[in-house]
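One chain follows as structure tokens, the form predicted alone.
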Amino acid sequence: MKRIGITGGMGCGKSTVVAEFQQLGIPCFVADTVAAAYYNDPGFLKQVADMLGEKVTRDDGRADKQRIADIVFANPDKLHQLNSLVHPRVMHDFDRFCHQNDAHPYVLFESAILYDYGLDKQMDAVICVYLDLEERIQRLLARDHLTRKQLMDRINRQLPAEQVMMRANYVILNYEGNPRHRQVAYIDKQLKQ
């Protein structure tokens, strides 16, 4: 079974592409979704609070995800520390996911920061979902209700999309009207060979 990374910058449409692979019966591990659940674990949240400060929990003891985002996207060192805590757990869970789905020809591992932290080295190939920056920003402004500055702070913490595209084995151009389904079907066929 092959392990295939799927990546791309914020707002490029990775989730839509992942859904197309899922319709083809491909198991997809979405790293952000898995990592988000860690914040419900009091032990993990304590580690985050020790790392970032007590202000990352709300009065009810749950994670203040907006406060965490504000801290880490304003401070590259804090972002790196948080990712160093999260990534080993994510990769452990991904290994378990792979074993549970080993009857499939391949599985997908979706992460926006696949290359940023060397996670691509654990993949057999990488698919990049690409969309130019301005179109991504317009999608994100409508979707996330953040300011342009907040979005740019987050985007600038990721590798430039063009660099990611150049390093990937496959690229899906995710423009409106572009035949995304055909691109996904082509890559699926290649990966099954």
Ligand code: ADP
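From a predicted model like this one, the values you see are computed outputs, not experimental measurements. Each residue number is its position in the shown sequence, starting from 1.
Form predicted together with this ligand: not shown, discussed below.
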Open item on the list: Even though the partner isn't displayed, in the predicted bound form is R143 close enough to this ligand, meaning a heavy atom within 4.5 Å?
Closed with: yes
Open item on the list: Just checking whether R139 would be counted as a contact of this ligand in the predicted bound form - the rule being heavy atoms within 4.5 angstroms.
Closed with: yes
Task: Close approach of N174 to this ligand in the predicted bound form, 4.5 Å, heavy atom - done: yes
TODO: Decide whether M10 counts as a contact residue for this ligand in the predicted bound form under a heavy atom distance cut-off of 4.5 Å.
DONE: yes
